[in-house]
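One chain is shown next in structure tokens, namely the form predicted alone.
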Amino acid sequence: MKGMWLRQILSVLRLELKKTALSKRGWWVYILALMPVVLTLLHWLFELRRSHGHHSLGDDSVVFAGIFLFFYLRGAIFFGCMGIFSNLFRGEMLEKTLHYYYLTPMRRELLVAGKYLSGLSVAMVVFVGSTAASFLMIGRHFGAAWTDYLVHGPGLGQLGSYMLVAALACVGYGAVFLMCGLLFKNPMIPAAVVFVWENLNPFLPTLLKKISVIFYLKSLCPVEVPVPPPFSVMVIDADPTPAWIAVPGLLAVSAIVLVYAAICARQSEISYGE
């Protein structure tokens, strides 16, 4: 029985990978992921043409931390996962093709698992790959000093942390937006609510900070981004969550959301006329 379930999940995964990766609706996701890569590439080429640098390797490290926090986590990965995962079911409803899956002798929980894994595969390749490429290029103009920073310094450890955080962001936001695509006719409305809540996180009381994905992801980032005034006055400091709690916690919450999405899929009925 378990072998048959695994084969069904893999079959859905293969079908959905083609649709998700080559979807005409998803072209803007690739543009989002390419933007920081192009930016860091231009930074590398521009600095190579300058005879004297006006910043240090440490400055580039802090700049990348800012790019990762404010562009990747609060923007690109959030909206990218919204575009990828919310369309896994809602897109099929709009195209009136979801019933083909529902007519097959397959448990709907397995359909949710296959679709989620397909979206997660695409999101991880796009955003984890973009994170790695951007990090490796931002300090490349330092030459041997950058290589030494990567090999003998904290560079590779920081790269691994950023890639882990990007992957966890895809896992967490992917589960949330797949559920939104199942429950809501217009996933943009709950996505807007989640977006506002996540971006208000620095200004919330300590207890409320912990009811968000971004708080735990930020705790795992290897370099802290300084908050400039006047925002520094409004930010409420909270002790970061240790990695041994943050990582399993995010995975557990994502699993709970997926289980709930599977229950909703099992009880859902198709009505294309709505």
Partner chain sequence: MSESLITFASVSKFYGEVLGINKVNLSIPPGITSLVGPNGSGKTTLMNLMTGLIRPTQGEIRVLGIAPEHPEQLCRIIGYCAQFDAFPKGLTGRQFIYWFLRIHGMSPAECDQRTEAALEKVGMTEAANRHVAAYSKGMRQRIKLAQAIAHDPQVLVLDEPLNGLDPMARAETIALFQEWGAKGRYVLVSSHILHEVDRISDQVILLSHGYVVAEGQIQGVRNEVKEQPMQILVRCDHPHVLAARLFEQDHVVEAKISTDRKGLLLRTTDADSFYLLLNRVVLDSGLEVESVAPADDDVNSVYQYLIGGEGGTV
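Numbering follows the first chain given and starts at 1. Nothing here was measured: the structure is a model prediction, and the numbers come from that model.
The same protein also has a form predicted in complex with the partner chain, omitted here; what follows describes it.
- The partner chain in the predicted complex is not approached by K185, whose heavy atoms all lie more than 4.5 angstroms from it.
- At the 4.5 Å threshold, heavy atoms of A255 stay clear of the partner chain in the predicted complex, well away from it.
- At least one heavy atom of T97 is located within 4.5 Å of the partner chain in the predicted complex.
- Taking the partner from the other structure, the partner chain in the predicted complex has no heavy atom within 4.5 Å of any heavy atom of F71.
- Proximity of T40, R140 and G157 to the partner chain in the predicted complex is absent: no residue of the three has a non-hydrogen atom within 4.5 angstroms.
- Heavy atoms within 4.5 Å of the partner chain in the predicted complex map, among the stretches 118-126, 193-201, 97-105, 170-178, onto 97-105 alone.
- Scanning 9-48 for heavy atoms within 4.5 Å of the partner chain in the predicted complex gives S11, V12, R14, L15, K18, K19, L22 in sequence order.
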